[in-house]
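Next up is one chain by itself, shown in structure tokens, the form predicted alone.
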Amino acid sequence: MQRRVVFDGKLLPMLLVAPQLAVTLVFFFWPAAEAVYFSTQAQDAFGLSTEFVGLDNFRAVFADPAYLHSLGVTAVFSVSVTLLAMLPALLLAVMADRVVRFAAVYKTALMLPYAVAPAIAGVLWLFLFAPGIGIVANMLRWLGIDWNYVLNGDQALLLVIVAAAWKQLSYNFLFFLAGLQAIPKSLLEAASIDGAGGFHRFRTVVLPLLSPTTFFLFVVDVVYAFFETFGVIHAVTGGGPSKATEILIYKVYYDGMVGLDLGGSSAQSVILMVIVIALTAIQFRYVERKVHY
């Protein structure tokens, strides 16, 4: 039986909600409104003068081949990171759910990457795969693989995908494990009595009951791939070589802070926000239909 908290007046609930509302207004709505405003302005490099240009910044962005290339890189990057962060996490959670001895040690070890900041995670992978000094890079060279992500764009993209997915793996693992442990054991025992094997039980019982968790993580991971992987990209490749790892969020930073194209950068950030909102809406409109609550 759930106990509902009832407040005597409106003042205390408003005070409790006020900090969260203030943070949301200051760190989301205000920057978003400024991005929309500056996307219609042409500024000098120092921001001392502005001129209203309407949608010219958006037209320039879509006519830029480098932006279209970055859009393609972002699509490959986000899909790869989402899949690579979710599938191994589900496999590890299933294995952890069956571990009896040293289960706490095993689970704690899998959760550790979540405590690492994205930029630090990028540096860790940078040292592992750095040509000449990286342990993994030397092993690959010993196996006859010409590894040099500094010069090879495909290798650089693969490296940042793995690093970003590794950072998100622990988050997904935690939710999948919690979802697995919430499934009633009586359902699995009933399926076993009916003759269902391990894989058949997983496919017909576990996966449907785990679908709300899977859908939630799918939405979170897509947003993570678009917005929260800046630190990994910046620490490992800086968008290179030859823009091979320049995803949209990094291009917004580079064009605005390095290229000093403030109007174009603002237009890119507005487009990125619209893309993520549209993707989230599509996920809730179509993917959620397959979720069993």
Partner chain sequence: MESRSGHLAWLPHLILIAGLLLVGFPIYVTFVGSTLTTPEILSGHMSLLPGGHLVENYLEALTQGMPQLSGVPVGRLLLNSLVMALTIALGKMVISFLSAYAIVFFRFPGRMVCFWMIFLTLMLPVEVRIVPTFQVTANLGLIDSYGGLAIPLIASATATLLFRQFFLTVPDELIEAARLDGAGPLRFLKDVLLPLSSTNLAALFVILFVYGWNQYLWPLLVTNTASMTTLVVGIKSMLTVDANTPWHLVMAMAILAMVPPAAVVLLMQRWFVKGLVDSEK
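Only the largest set of C-alpha atoms that superpose within 1.5 Å between the two forms is called the rigid core. Positions refer to the first chain, counted from 1. Since the structure is predicted, the reported quantities are computational estimates derived from the model, not experimental observations.
The protein also exists as the form predicted together with the partner chain; that form is not presented, and the subsequent description refers to it.
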- Check Leu55, Asn152 and Val219: does every one of them have a heavy atom within 4.5 Å of the partner chain in the predicted bound form? no
- Item | Contacting member of Leu112, Leu87, Ile145, Val79, with respect to the partner chain in the predicted bound form [4.5 Å, heavy atom] | Leu112
- Task: Flag Thr74 as yes or no: does it have a non-hydrogen atom within 4.5 angstroms of any non-hydrogen atom of the partner chain in the predicted bound form?
- Result: no
- Message: Whether Ala35 contacts the partner chain in the predicted bound form should be assessed with a 4.5 Å heavy atom distance threshold; does it?
- Response: yes
- May I ask you to state whether Phe27 is within 4.5 Å of the partner chain in the predicted bound form, using heavy atom distances? yes
- Task: Flag Gly240 as yes or no: does it have a non-hydrogen atom within 4.5 angstroms of any non-hydrogen atom of the partner chain in the predicted bound form?
- Result: no
- Item | Those residues of 9 to 23 which, in the predicted bound form, come within 4.5 Å of the partner chain by heavy atom | Gly9, Lys10, Leu12, Pro13, Met14, Leu16, Val17, Pro19, Gln20, Leu21, Val23
- Query: Superposing on the rigid core, is the CA of Pro31 displaced by 2 Å or more between the shown form and the other one?
  - Reply: yes
